[in-house]
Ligand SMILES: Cc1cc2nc3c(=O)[nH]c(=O)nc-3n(C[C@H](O)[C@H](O)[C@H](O)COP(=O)(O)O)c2cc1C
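A single chain comes next, written as C-alpha cells; it is the form predicted alone.
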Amino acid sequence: MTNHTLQSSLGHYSFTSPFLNASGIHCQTQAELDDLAHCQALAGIVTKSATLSPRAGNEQPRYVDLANGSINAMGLPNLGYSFYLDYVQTDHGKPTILSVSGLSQAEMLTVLREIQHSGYQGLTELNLSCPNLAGHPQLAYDFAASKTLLTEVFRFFKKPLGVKLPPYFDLNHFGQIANLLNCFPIHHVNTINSVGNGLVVDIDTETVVTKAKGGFGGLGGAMVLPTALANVRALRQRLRPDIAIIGTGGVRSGADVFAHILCGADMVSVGTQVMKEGLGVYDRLAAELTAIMADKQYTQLADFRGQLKTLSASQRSSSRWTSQS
C-alpha cells in the first residue's frame, strides 16, 4: 500500500498537514485557542487579528450562517495584542501564526515594534484587509499607502512577517499588489479575507440580517471559493517563489482543499465550515484529501501543488462540467 503524507511548510516552518484555522474563527479566547491546540488534524494555530487595545467588536447579530456560506460584520473583537503575544510564546505543540491589525497605520507599527522587541520567534501576519470596520477602508486596496506602511515596517521588523490580503478582482490589481510585495522580504501571503460589503436580505422581515454598517458585511464560505482560488492562482503566478501562500476561502470538502493546493497554496485555512461543523471538520477534510490523492496516485502535496492546467483551443473540460452555448 502506498503511503500518503499531508506534510507541508511555510518557508522554514514545517507543518504536519496543510490545515490552519482562518483568523477570527474559534481563536479569540484562551479556551478557543486551547481547543485548536488539542485538535490533532489542525497543523497550526492562527490567532484572532489583534489590535493595540482590546475591542468588543460590532453589535450583535454580527455573524449569520447562509445556505451557501456566511456573512459577518465582526468589527475585530479581540483581547488586545499583549494577550495573544503572551499566548504564542508558550509551547502549544504546534506552530503558531500571530495575526495583528490596527485601526491606523501608527497602531500597526506600535504593535509590530512590540513583537520585534519580544522573545517571540514564530510567524507574524499583518492583516491589511479587515472589511468590517465602519469608517476604516481596507488598507490593501490603497497600493501607495500599503507601500508606505511596509517600507516603515521593514525598517525595524526583522522577524518572519506575512500579510493577509483582501480579494482582488482585476488582473491589473493582481500585478500591482504582487509587484509591491515582491519589493519586500515578505514571508507569506494569506489570501483571501472575506469578500467585503455584501448584503443579505430577509424578505420575511424585510430587513438586513446583521446590525453594523446597515447590514453590509463580509461574505465567506462556499460562495467565495472561485474568488479565493483565482487569488491564490493569480498571486502564485506573480509573486516571488520564496513567498509562500496560505489559501483561505470557500473550503467545504477535501476537493476544495485539493483545488487550493493545485492553484499554488502551501497551506489552507478553513473558516465558515468550522462555524457550521465544528473542529471535527479537519479530520473529515484530511480523510477526503488523502482519498483524492490516493485515487490520483499522489503521495505528497508537492506532487500537484501549483500544477493547475489550462485548456488549449482543442481541449474541453472534464465531463463533470457541462458547457452551455
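Residue indices: 1-based, along the sequence shown. As the structure is a computational prediction, the values presented were derived from the model and not from experiment.
Although it is not shown, the form predicted together with the ligand is what the next lines describe.
- At a distance threshold of 4.5 angstroms between non-hydrogen atoms, residue 25 is in contact with the ligand in the predicted bound form.
- Taking the partner from elsewhere, residue 70 is found to have a heavy atom lying within 4.5 Å of the ligand in the predicted bound form.
- Within this chain, residue 217 is remote from the site of the ligand in the predicted bound form, having no heavy atom within 4.5 Å.
- Interface membership of residue 102, defined by any non-hydrogen atom within 4.5 Å of the ligand in the predicted bound form, is ruled out.
- Note that among 107-115, 219-227, 139-147, 203-211, the stretch whose heavy atoms approach the ligand to within 4.5 Å in the predicted bound form is 219-227.
- Interface residue among 161, 235, 192, 181, judged by heavy atoms within 4.5 Å of the ligand in the predicted bound form: 192.
- Contact residues in stretch 43-72 (any heavy atom within 4.5 Å of the ligand, taken in the predicted bound form) are 48, 49, 63, 70, 72.
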